[in-house]
Every structure is written in C-alpha cells, then in structure tokens.
Ligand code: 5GP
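Below, in structure tokens: the form predicted alone, a single chain.
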Amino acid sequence: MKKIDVTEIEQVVEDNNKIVVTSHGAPDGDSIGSALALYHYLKGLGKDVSVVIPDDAPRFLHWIPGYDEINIHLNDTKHCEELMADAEVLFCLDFNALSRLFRLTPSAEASKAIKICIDHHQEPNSFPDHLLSEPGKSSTAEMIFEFICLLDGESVITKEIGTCIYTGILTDTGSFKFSSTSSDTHRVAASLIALGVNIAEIDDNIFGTAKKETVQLLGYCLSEKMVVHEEFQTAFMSLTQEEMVRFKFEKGDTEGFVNYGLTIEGVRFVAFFMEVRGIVKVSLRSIGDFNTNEFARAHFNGGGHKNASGGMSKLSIEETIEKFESLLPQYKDQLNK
C-alpha cells in the first residue's frame, strides 16, 4: 500500500463502536481471510464488530479462525440486515461495487454507516466515503496487513490475524504464482511466517481436503471437457448442471480448475464455464499481456484483474461457449503476441 495518510480512517474507527465488515458474494479465500483478519484486529481494539457476508464460503475455508462468528445473509437475513442498519462504520473489503454484495446490496446502499472500502480490483465505484484502492496488489489480505501496520504497527498482528491474512494471499496469488505477486507480497508472507503462522497446515486445509468425487470431477474435466484452440493459444472447459450432480458437486469443488489450462504449452488464455441456477458463471485466466478484465467487462458483464477475471452469461451454456469461441478471432493478434 502507498504511504497514504490514514489519519481520517483511524479517527473514524476511534470515534465509533458498532462496526460491520462485509465482502463480496460467492466468497473466496481473500474475501474471507481479509474480513476475518480485520475482524480480529477491530475486536482487539474493543469494538463491537460483526462480519456480514451475502452467502456461505466453500467448505475448505470453514476452518479459518473466526469463521463460526460470520453472519451469512442467506441463512439469517433479518439479523444480517439489522446489523447493517445499526452499523456506524461499514468496512467493504475485496470488491469495487456494491452490486458485488448480491442480495445484501440494498442493505448496504441504505446503510447510514461511514463506508470504508479496501480493495485491489480495478476501476472502483464511488460508493465509499474513504477508499484505499491498490489494483497492483496481490490481494486485499496483503492490503489489510499493511493497513493494520500503518494504524498500529506490525506488533499488533497476532498469529490468528496472520493466519487469516496468509490464507487470503495464498489463495489470491495462486500459491504465489500469479503476476501480481511482488517482492512486497513475499516480505509480508515472511513476516507472517516469523510470527509462527503454520503455512503447511494452511496449505493442507485448503488444498488437501478434497472429496473423492472432486478429484474425479477434475479428471473428467481435463480428459473429457478440455478444448484447445491452438491458433488462438486458448483453452476452455465447461460443466453442465447434470454433470455437477453426477459428481456430487458442492460449492467450491471447482476452485482452481480454470488454472490447469495455463499449464498447457503454448496456451495463454483459458476459460471455465459452469451452469449455476439458471446462469453460466465464467472464469477467465491469462498469462502475459492479455487483459481478461477488459474481455470480461466487454462480453460477460464482469471484470476483475488483468490476468484473472470473472463474469456471467444468461445464455445457455452451449450458446455461451459458442459466443466465446466466436470472439476469439477478434483477439487473435493480442493472443499471439
């Protein structure tokens, strides 16, 4: 994070007691890790703090310290909306537009709380009263580490807070492989390791607890559903609702599947399409200069980062794939640079 003046935010936190921390729908390791890290920090200051998120996180994130304290709007709508209405300060983490809160959006929009957004996505909206935006950062979790350090110094970061932060960084950098991983990212990770954060345990909790059916599903996607367009250095996979039922799909089971396409020699752009409750979720990844954020914004009502973005389609999965393939010739020169 840039050496910004956080005096105003520090004063807001000091002057108010009821604080809600929220993050985007379809939560991932960074959104949960950053939210719980800030939760533990604010709780340590004696604040009346709650975490409110739109829907549940995948099962492989439920072990993160403090997860049982999270309020899930989909499960307890009335209580969550009461917390949002009563909040004096609303921390908005890891999203750049209130629409990313899905059904929780109206409550956030109606909230009279002072809104503070800390985020690393591109092109943030103007909804917050205070904005800390660093699109070049690896993760919001890395930003939370630096934010806490700017307020109170590294000494206040406990092992509990560090575990949450490391989880966010690990998952949002693809285990430190994505181009957003910087020397600063590694320095933060080194600081957390020095605190005693058990990185082997975190890695095992995230990547070592897959169901048998999940591993079988990955094998099926790679062997039966992978399509490679060599002329566009592009690959994609897809899953229908029927296929997901066949492999006893649970939320989060396809986490990371999209990245496997980038392990193919010569492939620079990959996509993953999945039917979810009447829409098609689109995940996009790239290496090099191809901008998935611009592609997602232009064609799939989405966005994200240069090399990792997402979107959605209201077309059928077959029509969505047809649309995707029809777009590739327009990008041939960019994809073959």
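Don't overthink the numbering: it's just position in the shown sequence, from 1. Worth saying up front: this structure is predicted, and the values here are computed from it rather than measured.
Although not depicted, the form predicted together with the ligand is the subject of the following passage.
For S309, a non-hydrogen atom is located within 4.5 Å of the ligand in the model of the complex, even though that partner is not displayed. The closest heavy atom approach of S286 to the ligand in the model of the complex falls outside 4.5 Å. At a distance threshold of 4.5 angstroms between non-hydrogen atoms, G303 is in contact with the ligand in the model of the complex. For the chain shown alone, K281 is a contact residue for the ligand in the model of the complex, at least one non-hydrogen atom being within 4.5 angstroms. Figure note: of the listed segments 295-303, 33-41, 66-74, 48-56, the one touching the ligand in the model of the complex, with heavy atoms no more than 4.5 Å away, is 295-303.
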